[in-house]
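Listed next as structure tokens is one chain, alone, in the form predicted on its own.
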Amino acid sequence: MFKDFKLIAGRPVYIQVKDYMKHLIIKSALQGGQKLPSTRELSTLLKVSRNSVISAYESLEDDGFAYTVQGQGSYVSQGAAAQSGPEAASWTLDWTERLSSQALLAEELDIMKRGIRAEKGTISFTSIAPDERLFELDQVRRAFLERMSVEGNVLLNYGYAKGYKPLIDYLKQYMEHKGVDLRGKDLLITNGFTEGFDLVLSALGKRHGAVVCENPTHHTAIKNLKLHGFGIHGVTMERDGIHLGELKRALEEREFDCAYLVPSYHNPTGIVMSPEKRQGLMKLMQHYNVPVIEDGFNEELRYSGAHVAPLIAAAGGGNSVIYLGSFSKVLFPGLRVGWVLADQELIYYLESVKRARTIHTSTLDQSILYQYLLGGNLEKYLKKARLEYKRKYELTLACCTEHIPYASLSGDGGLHLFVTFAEGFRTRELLAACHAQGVIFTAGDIFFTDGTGQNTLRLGFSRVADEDIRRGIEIIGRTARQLMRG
């Protein structure tokens, strides 16, 4: 006994000793009523200071695992060991038989569990997260310290379901600067886009049980729509956005509860819907009385051309668009902060759903983001990030043009490009062949609503080094040509 104790650097020694002794007591290696080694003896056995053992014993006593008899030493408390008789120990359940259909479907749709793992040294084009090397840690640290000095005690307590008011006010102004008419609208803070989408779907009644969207579309949206029991009707994409003629036919043929759309730097195609198409789209939605859930996604990563206003701005003073915003793809995904901007009465109900589900989004995270934004850091960061991502975008585009035998290539900005090969080509086969050579990407079929897209793939370049972009795309292109010849 006591020979398997190992110190971990950076953690207080007395806590490690306490936890070690607690583990022995729980596992009944030390019995109730048994005398513990003296502090001097245990310090020798564990090769730690006697003061650390004294503090550990005091902490064990505070936790109810030990007691002291004056002049005699420390003893293990009666009943401190885990109680598990032979009958209880043998009682096991098959939890897979008790899972809900939603849990089973969530596991089935979980691409992270089924995707190819990037071994060390693999060139991975699967991520569309921001490059953490661009993060300005000094500004984030300063924002944290400034906010904590102002209201630290408040930030560490419970917050409000609707969100941190200074951040709500800031984001309202931020959206107003995008051309949004805020009359009759309100804003709710969420744990990123995904929670916002889930809250909205939870609040919407299934009058028709169907949602119309672009095809392909964001896989997380497909997954959540299915988990909520909605049927999905995908509409073909054109070079400037969703096919309005096809959308009109779909709206004529059946009724939908809502539309889910990603108009700017669409995931996965990277297409930015044209201003003309946005106007035409909103007229169609109004005519057929179909509300729109707009995914703001990579809206900030515009490398060239004029600003294109979001759909919620095109809606003017109307309340037909629910806007889901997040800085996750441009700032810090680790701060799980997003928002829903929508009709104030809808937000009133979403707040109650939010309170029932998660109580509130981390007030500490919200306050750090607020202070960072307040200091003008977003504008400085975006200027730097746009330059770097534009450079990588142009490099990736040039490499694809040189090496990949694609049928079409799309991506107007953002952090990825979408590659389409000739009909009949299978990018799953290409992925397997490239993986064997140390290169992976995202097969495009997961983004399609109708089982098609086997000839497509998405290339995320944001976190890939320049040389790896060149080498990886050369391998993808060479391997694709070999498969075509074979």
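Quick note: we count residues from 1 along the sequence shown, nothing fancier. The term rigid core refers to the most C-alpha atoms you can superpose between the two forms while keeping them within 1.5 Å. All of these numbers come straight from a predicted model, not from anything done at the bench.
This next part talks about the form predicted together with a further copy of the same chain, which is not shown.
- Of the residues 119, 388, 132, 394, just one reaches a further copy of the same chain in the model of the complex with a heavy atom at 4.5 Å or closer; this is 132.
- This chain appears without its partner; in the model of the complex, the one residue of 73, 229, 405, 317 with a heavy atom within 4.5 Å of a further copy of the same chain is 317.
- In the model of the complex, every residue of the candidate spot (106, 224 and 291) has a heavy atom lying within 4.5 Å of a further copy of the same chain.
- Considering a further copy of the same chain in the model of the complex, the lone stretch of 138-146, 394-402, 238-246, 266-274 in range is 138-146 [heavy atom distance within 4.5 Å].
- Taking the partner from elsewhere, residue 219 is found to have every heavy atom lying beyond 4.5 Å of a further copy of the same chain in the model of the complex.
- The closest heavy atom approach of residue 165 to a further copy of the same chain in the model of the complex falls outside 4.5 Å.
- Looking at residue 63, you'd find a heavy atom of it within 4.5 angstroms of a further copy of the same chain in the model of the complex.
- When contacts are judged by a 4.5 Å heavy atom cut-off, residue 97 counts as touching a further copy of the same chain in the model of the complex.
- Contact annotation for 337-355: residues with any non-hydrogen atom within 4.5 angstroms of a further copy of the same chain in the model of the complex are 343, 345, 346, 348, 349, 351, 352, 353, 355, listed in sequence order.
- Relative to the superposed rigid core, residue 27 undergoes a CA displacement of at least 2 Å between this form and the one not shown.
- In a rigid-core overlay of the protein, residue 447 has its C-alpha displaced by under 2 Å between this form and the one not shown.
- Taking the rigid core as fixed, one finds a CA shift for residue 434 smaller than 2 Å between this form and the one not shown.
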